[in-house]
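In structure tokens, one chain follows: the form predicted alone.
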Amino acid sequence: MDVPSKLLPAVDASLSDARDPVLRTREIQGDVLVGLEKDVENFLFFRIADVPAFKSALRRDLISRVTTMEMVQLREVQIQAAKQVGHHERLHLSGLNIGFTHRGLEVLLGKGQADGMDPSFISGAAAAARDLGDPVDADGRPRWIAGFAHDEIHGVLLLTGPFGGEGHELDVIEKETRAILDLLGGSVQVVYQEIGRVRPQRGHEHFGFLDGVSQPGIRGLTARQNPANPDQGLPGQDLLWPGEFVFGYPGQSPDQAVEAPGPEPEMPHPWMCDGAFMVFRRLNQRVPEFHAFLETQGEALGLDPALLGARMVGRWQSGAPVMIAPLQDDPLVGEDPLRNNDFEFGGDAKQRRCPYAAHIRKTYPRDDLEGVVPNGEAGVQTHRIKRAGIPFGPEVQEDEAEDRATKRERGLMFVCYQTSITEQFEFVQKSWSNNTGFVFGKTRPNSTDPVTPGHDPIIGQTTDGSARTMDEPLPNYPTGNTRSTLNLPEPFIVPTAAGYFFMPSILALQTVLS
């Protein structure tokens, strides 16, 4: 549906200030910084079978269909304008983005022509599996879907679209996929494809928790909505320099204040400008087992299962953080973007409100390291990622709920963007989530003894497959000094596929790559 230009709202002057870089929105692919609009998303992983034919199809037919950041921003304006005039039907918006593995780039450019890039990107996701704690076999190969474990993938197509009519929800995306594959012809072989879709409880992942709340703000993109802090977008959302997520712009520096621009990330090749690295991970979620665990462990600890889940995640299912609502859910806070991310951890030095090992404290410790490590929060901001995933699989069925056992695969198609896989995604997983000693330098109430926080109970993994633990599932809020340990004998999330991709600029697609 097209919206008349007179209905489009005026550009908000609060979007930027004189310090902000100007983003080349016509060059950056749409999923990288903003995110493609989607009810459904087909992840189509391919191998290039005929290089000249692929380059010809890319140049002739595909590049003009790639959805840019500029297009996504315009669509967002159209969506808001349509809502303002009472159009509540979802707009028919399809999207297409494309990325390549290091092997795929070498196929297109020639051996050695993609050297010098991020070392983790060059080695590939399979090579990192053991160090990340993913399940591996005796030879160190990840126990993934075959095409991923054996490094057969050259690229990925992200195809997004709306639901079709009732009973035909996937018709639109399947039609778009057929059209793209017809254009590519025999130049590619499909290694694997799978469609993700938003859940009926939109914005919530399969465990039931509101997802994507603490996304980083980006200078030059994110509107400033916190009058008390011009260096934030939404309250609690620090604005970061775009070079953390896309090449060709200033990034963050651990040696300067968070708001100060750091150097641009190193680009060994000029064609990397306006591109980004994408990490993909297919994560199975064992939902019946997770909720059964909350019930049995909650009963054993004398704790409401919902509160136990909130302390493991750091948020209630509504999105309300335990830093604001430590003992009881507050859905009004959870659904309010002006309040649900407006907190720091520094004021909770004894984990009275939020366990040190809670998922959101492990993966984004905010100011928790001030005075503990030299760079404090400035260092934390150099390890952020921009997430853009989508759930996959059916809702939990009655037989699964009754038997407390997963019988149908479901989970998250995890996607994140960054300019260093090594220092961003892999660092967060290995050095924070999997590290039992992180967050560092912590004690508990009425004690000076150091605390071992334990694993991130949601995504934390052990490299040897041993059981995990989490310190202090029982709350000590507002006073108290109860010692407790949560034993986590089985994982609730199991990686089943992964890939590292480079998402080139439109100019790179038009020139060196085609």
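Quick note: we count residues from 1 along the sequence shown, nothing fancier. If you're wondering where the values come from, they're calculated on a predicted model, not measured in any experiment.
There is another form of the same protein, the form predicted together with ligand HEM; it is not shown, and what comes next is about it.
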{"query": "Interface residue in the predicted bound form among Leu239, Ile360, Ile173, Leu157, criterion: non-hydrogen atom within 4.5 angstroms of ligand HEM", "finding": "Ile360"}
{"query": "In the predicted bound form, the one of Phe163, Phe414, Tyr192, Phe121 near ligand HEM [non-hydrogen atom within 4.5 angstroms]", "finding": "Phe414"}
{"query": "Per-stretch contact check against ligand HEM in the predicted bound form, the hit in 183 to 191, 394 to 402, 143 to 151, 364 to 372 (non-hydrogen atom, 4.5 angstroms)", "finding": "364 to 372"}
{"query": "In the predicted bound form, Asp211 touching ligand HEM (heavy atom, 4.5 Å)", "finding": "yes"}
{"query": "4.5 Å heavy atom contact, Ile506 and ligand HEM in the predicted bound form", "finding": "no"}
{"query": "4.5 Å heavy atom contact, Asp274 and ligand HEM in the predicted bound form", "finding": "no"}
{"query": "Ala388, heavy atom within 4.5 angstroms of ligand HEM in the predicted bound form", "finding": "no"}
{"query": "Three-residue site Phe45, Val246 and Phe280 fully in contact with ligand HEM in the predicted bound form at 4.5 Å by heavy atom", "finding": "no"}
{"query": "Sequence-ordered list of residues in 475 to 503 near ligand HEM in the predicted bound form, where near means a heavy atom within 4.5 Å", "finding": "Ile493"}
